[in-house]
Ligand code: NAI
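Just the one chain here, the form predicted alone, laid out as structure tokens.
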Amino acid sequence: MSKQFDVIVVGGGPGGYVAAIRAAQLGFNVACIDEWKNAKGGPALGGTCTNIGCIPSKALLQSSENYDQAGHHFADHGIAIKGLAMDVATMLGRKDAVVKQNNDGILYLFKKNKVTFFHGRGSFVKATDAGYEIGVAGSAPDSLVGKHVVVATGSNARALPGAPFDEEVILSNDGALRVGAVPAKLGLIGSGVIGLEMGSVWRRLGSDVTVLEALPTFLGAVDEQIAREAKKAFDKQGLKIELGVKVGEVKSGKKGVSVAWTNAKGEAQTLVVDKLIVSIGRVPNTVGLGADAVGLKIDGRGAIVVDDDCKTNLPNVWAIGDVVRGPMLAHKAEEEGVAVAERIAGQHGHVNFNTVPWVIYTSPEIAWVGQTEQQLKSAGRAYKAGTFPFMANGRARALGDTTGMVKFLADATTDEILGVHIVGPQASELIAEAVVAMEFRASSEDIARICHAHPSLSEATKEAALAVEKRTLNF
């Protein structure tokens, strides 16, 4: 006899667990199925983000940043360090502890909100009069029936053709988070978020890092001015970034990896490294979902086809997060999860893709929301721009981190904020003000007129808004 639920969520990542909690808050009888396992075989809720993505990478970034500060910047503060050393095993242990805290926190939230959790792999079996039968495969197989089903199965790392991940020398984000010793030479294919963050971690700890990027421009999705500023900082740090390359044969062995590649001038090159991280994007995770069993429509890249409300081609079947269109970001998935739960309840859930913030947690951090200058130019939209450098910000000077700037883009006629771009200290936190402003369709003048605490990094945001009208006060 199948267990009956109002809502079944397949996947317990950021989108899935949030959707389950919100649906339960709205009075539904909710089940969530997730197959992630911890080292002991127990449940590890939180999906890629918590287990091998956002959370563990931030833990390693923090550890490596502390090490870098101790080795290169503490002396500026009069702090003398002797015998500085990095214990990688301890660093990884701390990372694992942070992950477990998040895993356990989601289990607690499920209990608090009366979400029934099933540990295993969920897949469609068939449509029934009562909804959809979902099978749970795992150590405790089960059968569930849900009136509504929300698919939140996330994504997987895309492998380089001819060079599958072995997670020993050719690494995805998973293996990159489990490297047991600092590699003397580290290679990265792809200069996206994962590549730059992991490259930064091991570069700080002493690796000689080379990044091979196929695109002719660095961080093509980022505002060009901000990307140039970021690249200058990375070049200064010692990250070797090669643009416009063509990657050829990749050979791996017990001693490392050899990558044949051609540079932008067409010259043949060979990169020999101890470890190779491949960061060339992600693919929707729909294999094994049982979509054919119920006729769920999947597109050519493996994503579930949905409309603007995250509805699939099947009645009462929804899909959210990395497994559908749109940016593959944890917070985007969360917003869609909340919106879908509210739509199931007859409410008007809303997600504004134009105000989804993006962040790269390198040093300097890079964050942005809205349109870039090149997008506005391409669209022929008249705009005004204003920038303010952190080198003119008192708090940044006191922190000893004056790299970067804040940039505002506003409509030339109405002054509505069209985009805000930041490279510099704590950009991931500063961008929130811009998101709020854009949600309320604020003008740059609105931000310029708001009192910001002094001294604070956020004053750079105010000054960049003032710069739109060429009236900065401190630069």
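Keep in mind it's a predicted model, so treat the numbers as computed, not measured. All residue numbers refer to positions in the sequence shown, first residue = 1.
The same protein also exists as the form predicted together with the ligand; that form is not shown, yet it is the one meant from here on.
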Based on heavy atom distances of at most 4.5 Å to the ligand in the predicted bound form, which listed stretch, 325 to 333, 223 to 231, 305 to 313, 263 to 271, is the contact stretch? 325 to 333
Listed residue that, although the ligand is not shown, lies within 4.5 Å of it in the predicted bound form (heavy atoms), from V179, V338, V247, I344: V247
Of these, V99, L160, A127, L239, which has a heavy atom no more than 4.5 Å from the ligand in the predicted bound form? L160
Contact flag, G192 vs the ligand in the predicted bound form, heavy atom cut 4.5 Å: yes
Would G105 count as touching the ligand in the predicted bound form under a 4.5 Å heavy atom rule? no
Given that the partner is absent here, does L212 sit within 4.5 Å of the ligand in the predicted bound form, heavy atoms only? yes
Can you tell me whether I360 touches the ligand? I mean in the predicted bound form, with a 4.5 angstroms heavy atom cut-off. yes
Just give me the residues of 271 to 285, first to last, that have a heavy atom within 4.5 Å of the ligand in the predicted bound form. S279, I280, G281, R282
